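To begin, one chain is listed below as structure tokens, in the form predicted alone.
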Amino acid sequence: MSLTLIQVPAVAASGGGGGSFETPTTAEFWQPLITFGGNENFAITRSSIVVLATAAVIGWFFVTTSGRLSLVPSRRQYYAEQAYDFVRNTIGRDVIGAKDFKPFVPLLLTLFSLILLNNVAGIIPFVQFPSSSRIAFPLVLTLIVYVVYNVTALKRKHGLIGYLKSLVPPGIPPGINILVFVIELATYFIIRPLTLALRLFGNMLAGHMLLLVFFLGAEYLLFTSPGLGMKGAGVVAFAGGVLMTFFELLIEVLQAFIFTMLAAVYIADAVSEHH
């Protein structure tokens, strides 16, 4: 971890060279870099810089690669095609269906690429900050998916009345259908967007916090705590942090896939003729 960039007060100095370890808190994830009028609530934060930088990298990669396509693909073209084929076929076509998936491929590819690169930024040296650990980023992406699948459903279900009728499967006995309608209404308009955002946010926040604890604990044990035993524990903590970094990489990739897959599932539900 880049401890100097994270700026977490891991060690509180005390007399005799010792110190007490202070665990990192969620407050450390709010890192305003440029404030307006001295108010930190209106600021350009580290997470916003990471989002803008990753968006620029993704745009540059796909635009420059697609402008120089060849029958014998270069390494960049190969990676771009693999990413596109994965999202197009594995997520788009297989989930939404061969009839309706094509208009949604650009959205799904953008979601997958942006979330993946922003998640992986959490372990890239000198960046090491996953923007998904700030709730605003998952919320904005969820809002986009929410608007897309609801607007699509309104068009496919012939307006609001048809959309609302489709929430209740046919054959439900009277009385029970009201309960089913309320549950489905809450699912489509509240639970789905809420869980989609919180799943990504919670995993990235918890994973990054875990890495902070491992590496800051290792720093404290190695350089502040007296005794060979404590320093040995610091080596173990550092090794555990390295191991957890690889595990975190797996989680980051999975979360990008899960978010995009669920977006495709919701869109597939919107374009289907039946509930």
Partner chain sequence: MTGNITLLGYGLAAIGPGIGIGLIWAAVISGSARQPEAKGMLQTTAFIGTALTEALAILGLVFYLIA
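This one's a predicted model, so the numbers in the text were calculated from it and none came from an experiment. Positions refer to the first chain, counted from 1.
Note that the form predicted together with the partner chain isn't included here; everything after this is about it.
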Could you tell me if Thr142 has a non-hydrogen atom within 4.5 Å of the partner chain in the predicted complex?
no
Worksheet item: Heavy atoms within 4.5 Å of the partner chain in the predicted complex: does Thr195 have any?
Response: yes
How about Leu205: is it within 4.5 Å of the partner chain in the predicted complex, going by heavy atoms? yes
*Determine whether any heavy atom of Arg88 comes within 4.5 Å of a heavy atom of the partner chain in the predicted complex, and answer yes or no.*
no
> For this chain shown on its own, do Arg199, Leu254 and Val265 all sit within 4.5 Å of the partner chain in the predicted complex, going by heavy atoms?
Replying inline: yes
Note: the partner chain not shown here; in the predicted complex, the stretch from 63 to 71, 205 to 213, 222 to 230, 49 to 57 having heavy atoms within 4.5 Å of it is 205 to 213
